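The chain below stands alone and is given in structure tokens; this is the form predicted alone.
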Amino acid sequence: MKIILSLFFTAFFLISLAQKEVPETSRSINNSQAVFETDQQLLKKFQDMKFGMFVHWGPVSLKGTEIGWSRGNQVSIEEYDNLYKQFNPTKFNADEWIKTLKDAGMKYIVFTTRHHDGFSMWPTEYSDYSIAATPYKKDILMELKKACDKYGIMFGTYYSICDWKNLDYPLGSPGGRTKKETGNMEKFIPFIKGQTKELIEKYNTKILWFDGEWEAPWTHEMGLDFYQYLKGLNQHILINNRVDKGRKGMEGITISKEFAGDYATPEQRVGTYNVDAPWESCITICKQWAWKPNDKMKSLEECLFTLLKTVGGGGNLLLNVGPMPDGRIEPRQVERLKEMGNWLKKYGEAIYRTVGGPYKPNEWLASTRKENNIYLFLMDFKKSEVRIPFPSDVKIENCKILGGEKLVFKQTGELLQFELPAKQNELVTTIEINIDGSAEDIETINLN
């Protein structure tokens, strides 16, 4: 009996120890059911990419109104829900899309598979309200996946947790402000689990980008369970923080162990400086997420400065385009993306595989660092001399225009000074500073 008891307690101790052991490389969330882990290798790869394309598209592009939000508002529910019968994007070419993305210097895509309006942009087994019911019929999602594989682009998918059309989801249009008598989350959850299982197993999505979690029917407990379910299907995927209730408004970038999610997603603004937690700002190239005729488009300066401030603050930029009803990305948007790509071809080494900082971005300066290099981005800088704080115990070995001439610099105490060349025609002057030591060890520097 003593031997049996001894074996029992030994086994109990080993099981308890195994349950407590979590790899040091994983950020984890614990609850009574499971240990949730982030694939740190995949997360690092994602963070090194820095720049991706967001795509909001669907039958609503026929009206030129906002996806999801215009249902029951600008467009009657009956008309909105029947737009799919006319949706026939015969000029859609997945290869052209992904080639445009690659030429823009983007490294990954997040495509909207189902927005709040409930329309599925792939032939799902769980709904008749999908691309398979349109005149077009073809599997757009699979074509995009194959094109991503061809060009070496990471494939990701957006999926809305809320569904204002589905009778089992308790809230409806406009904007989730109405209630359905048929609402039943116990019936609805198997539906979203089934659809996202398709995205993982059939399309091998590497990113699941959720939205719609702010509505009351979705609870923290549901978020934890959903995250566990998805990671159980494939632990080597990334899931944003909107799978759970951890988001605080549109700006927050804190990742908490209390809530599920591998990275944070501030919206329509550059996230707050944070080089310790992974985050990604999603921002539109025009005003509207979905395509709108003659929508005001951001200038090259706005797009480029947004990228620099985002990367300089420690985040990724997910820049959204809204394709037209015929399946093409609007030519003027393609041209803007090409301009971004041309800049990145010259200065990409200061963007990709870098860490934000050490300077907190402001209106005229952002910075990144990699190994023994610090890169400064002077945005619309009109002065001939740069004067910035710099640690006195860090030795500067060289200072130059990235890819160009050396600069004469002076390091006095906590101050760094250098003169700029007389003619600077570009929107951004990019400076490379080489130091003796690791640039990533420098503490954050605040600019006045």
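For clarity, every value in this text was computed on a predicted model and none was experimentally measured. Residues carry their position along the shown sequence, with the first being 1.
Note that the form predicted together with a small molecule isn't included here; everything after this is about it.
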| property | result |
| --- | --- |
| Which of 225-233, 177-185, 92-100, 209-217 lines the interface with the small molecule in the predicted bound form (heavy atom within 4.5 Å) | 209-217 |
| Residue contact check: C282 to the small molecule in the predicted bound form, 4.5 Å heavy atom | yes |
| Any non-hydrogen atom of E339 within 4.5 angstroms of the small molecule in the predicted bound form | no |
| 4.5 angstroms heavy atom contact with the small molecule in the predicted bound form for R71 | no |
| is_contact(Y158, the small molecule) in the predicted bound form, heavy atom dist at most 4.5 Å | yes |
| Contact residue in the predicted bound form, from K360, K245, H116, K145 (heavy atom within 4.5 Å of the small molecule) | H116 |
| Listed residue (E267, E302, E198, E258) with a non-hydrogen atom within 4.5 angstroms of the small molecule in the predicted bound form | E267 |
